[in-house]
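Encoded as structure tokens, the following chain is the form predicted on its own, with no partner shown.
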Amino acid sequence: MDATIGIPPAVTEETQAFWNAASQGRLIVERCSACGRDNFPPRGMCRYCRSRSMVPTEITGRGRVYSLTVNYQRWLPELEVPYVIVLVEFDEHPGVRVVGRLRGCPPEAAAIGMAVEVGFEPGPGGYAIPSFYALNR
């Protein structure tokens, strides 16, 4: 698969573990050791209780499309349109929603509530970018 077109992520101390795991094909979120809630995107601090006691936790289950948009605008000359961007939530990780491209189905078949699984594809700057693959095609 060709690299996804776009701008490389701004990697910070708080996001480094996320990008390292992505390069291994793993999606991680931060779990607060104080209150037990999952947080995403990584910030190094719990958005619920403000604790800084965060540990990486891998998401391995399926997700469901919470929201989506079909993009027809060619923002970059190499960008093929249309494409779908989805916001995915995970039953086993309440409060976590991750954005990525939808793969494995035509844009007109994308729907809120559809089951997806996470995958990774080569991205700008050599980073692995999360994407989601439709399960109910």
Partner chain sequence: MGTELLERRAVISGVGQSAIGRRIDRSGFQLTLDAILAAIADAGLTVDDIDGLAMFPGGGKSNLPGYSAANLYEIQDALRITTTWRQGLVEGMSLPFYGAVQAVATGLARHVVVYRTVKEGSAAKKAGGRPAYGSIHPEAEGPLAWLLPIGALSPVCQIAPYAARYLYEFGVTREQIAWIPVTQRKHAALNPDAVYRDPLTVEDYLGSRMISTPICLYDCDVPVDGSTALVISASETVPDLRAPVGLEAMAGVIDGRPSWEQWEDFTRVGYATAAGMWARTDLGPEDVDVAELYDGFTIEAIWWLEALGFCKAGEAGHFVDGGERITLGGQLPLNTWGGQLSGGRLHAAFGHTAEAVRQLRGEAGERQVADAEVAVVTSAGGFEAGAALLTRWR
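Model, not experiment: these values are computed from the prediction. Residue numbers count along the first chain shown, from 1.
The next section is about a form of this same protein that is not shown, the form predicted in complex with its partner chain.
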So, Gly61, Ala109 and Ala134: all three within 4.5 Å of its partner chain in the predicted bound form by heavy atoms, or not? no
Close approach of Leu68 to its partner chain in the predicted bound form, 4.5 Å, heavy atom: yes
Is there a heavy atom of Cys49 lying 4.5 Å or less from a heavy atom of its partner chain in the predicted bound form? no
For Arg31, is any heavy atom within 4.5 Å of its partner chain in the predicted bound form, or not? no
Classify Leu79 as contacting or not contacting its partner chain in the predicted bound form by the rule of any non-hydrogen atom within 4.5 angstroms, answering yes or no. yes
Checked 83 to 102 against its partner chain in the predicted bound form; residues with a heavy atom within 4.5 Å, sequence order, are Tyr83, Ile85, Leu87, Gly95, Arg97, Val99, Gly100, Arg101
